[in-house]
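Given next, in structure tokens, is a single chain: the form predicted alone.
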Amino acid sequence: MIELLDIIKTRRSIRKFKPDAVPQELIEKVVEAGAYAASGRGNQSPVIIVIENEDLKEEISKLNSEIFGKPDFDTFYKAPVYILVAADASANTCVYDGTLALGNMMLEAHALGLGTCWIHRAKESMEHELYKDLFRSLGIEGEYVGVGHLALGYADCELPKAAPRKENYVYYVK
């Protein structure tokens, strides 16, 4: 059995994915880990949206690349699954809640033998009609803050090694 600290210490961002489909049961386990993340006052402000539709993934990737300023760059690294985490803007802990959900999902994915990479620009993406249409189509109402995307799939590379921890990272006061 892999210990939690070992999972934490060995999880790294993956930037090259195999085209292999991720089994639904593994996706569900990853999403469940996100759904059980801690949230301010237990409000569960995030929504987690799993995106496997190729046309929508292409549109999201294109928009993300344009926001990034590199329109020909695949910011999702050809991952077979995208996961969007947005959180209810009325919750004063919305960004923290969404961040914890993303963190839980990254750790669970690693424990299951999957790779992930947190993809930024979700906040800016939420301002575009593509995302507004997506939320409407899912019946999600209200104001949401884009917290992050997660590229999910099987790594097509060696897992990067952890950088040594910096000096003066942890202090104890007794």
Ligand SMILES: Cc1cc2nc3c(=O)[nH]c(=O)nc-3n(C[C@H](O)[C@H](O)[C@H](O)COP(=O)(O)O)c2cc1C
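Heads up: residue numbers just count along the shown sequence, starting at 1. This structure is a prediction, so every number in the text was calculated from the model and none was measured.
Form predicted together with the ligand: not shown, discussed below.
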Worksheet item: Does Y82 make contact with the ligand in the predicted bound form, using a 4.5 Å heavy atom cut-off?
Response: no
For this session: Find out whether any non-hydrogen atom of K18 is located within 4.5 angstroms of the ligand in the predicted bound form, and reply yes or no.
Result: no
So in the predicted bound form, does F135 come within 4.5 Å of the ligand, heavy atom to heavy atom? no
ask   = Applying a 4.5 Å heavy atom distance criterion, does R121 contact the ligand in the predicted bound form?
value = yes
Assert contact_stretch over 47 to 55, 22 to 30, 126 to 134, 112 to 120 against the ligand in the predicted bound form, heavy atom within 4.5 Å, equals 112 to 120
Across 71 to 93, the residues having a non-hydrogen atom within 4.5 Å of the ligand in the predicted bound form turn out to be Y77
